[in-house]
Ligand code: COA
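Listed next as structure tokens is one chain, alone, in the form predicted alone.
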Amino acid sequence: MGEQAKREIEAAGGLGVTTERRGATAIWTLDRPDRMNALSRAAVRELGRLAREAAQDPTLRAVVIAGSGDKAFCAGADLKERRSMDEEDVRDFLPLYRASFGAIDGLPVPTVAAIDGVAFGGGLELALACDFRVAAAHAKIGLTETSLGIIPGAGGTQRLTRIVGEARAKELIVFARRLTAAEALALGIVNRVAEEGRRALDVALEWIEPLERAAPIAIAAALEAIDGAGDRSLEDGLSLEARCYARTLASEDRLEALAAFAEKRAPDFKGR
């Protein structure tokens, strides 16, 4: 670890991210409840490190990102830390955001943001880098950066637009709209809303439990094909789909699925 990273960790009071493994699912928790789980530079760097490490783990089947407590998934950037930065410091921070969130976005296993409480600014941008989002009934979300005199700089303008379309993204970002969980569900920003009184984390873990037994090569290929659809022509997208399909065709998992069907049993996928 470099001296710069060590100074960042010390200034932030620690990495700000704790990890847990439940079976084949990793849980990464933003653990700064006194700061509404705000994103320090150390926390953003650690999320990127965890994502790059996870990408090399053949036993991993899913990642859930959560926030400590039920008040906040993540309130956004750590404004106390940000006030100590000059313009150049902030400018240098943005590539770290993009690299870390991009590593999460590019993981070959499904990622889920469990939104208990608020997810504003960079917190929502982190959630948007995940494949799925589950929100508590009391959750509130929004890309609120324009109210602070800036714009989303960690992928929010791009990822939100791909989910809700240009017109709706402009409305939400320009007006710094804060949405309830129900409103976010109606717009397709979150996939599920937990029942009143239940934690989004618990609902997310229940929801993705079947992925622990799913075919990892097929899941990774599906994610790659879908993620590549947004910025390609239909012809190029179909070519990408064909390449992804070819990977599954050559897998032992495909043969195991056929054998399991013939033998009337559940398949035992090995990721080979």
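Residue numbers run from 1 along the displayed sequence. Everything numeric in this text was worked out from a predicted model, so none of it was measured.
In what follows, reference is made to the form predicted in complex with this ligand, a form of this protein that is not presented.
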Of the residues Ala181, Val118, Ala103, Cys130, which one places a heavy atom within 4.5 Å of this ligand in the model of the complex? Val118
Note: exactly one of Leu223, Ile217, Met36, Ala26 sits with a heavy atom within 4.5 Å of this ligand in the model of the complex, namely Met36
Just checking whether Ala99 would be counted as a contact of this ligand in the model of the complex - the rule being heavy atoms within 4.5 angstroms. no
With the partner left out here, check for me: in the model of the complex, does some heavy atom of Leu148 sit within 4.5 Å of this ligand? yes
May I ask you to check whether Arg91 falls inside a 4.5 Å heavy atom distance of this ligand in the model of the complex? no
Can you tell me whether Leu172 touches this ligand? I mean in the model of the complex, with a 4.5 angstroms heavy atom cut-off. no
Check for me: heavy atom within 4.5 Å of this ligand in the model of the complex, for each of Ala75, Lys80 and Thr144, yes or no. yes
Among 54-62, 202-210, 228-236, 28-36, which stretch has residues with heavy atoms no more than 4.5 Å from this ligand in the model of the complex? 28-36
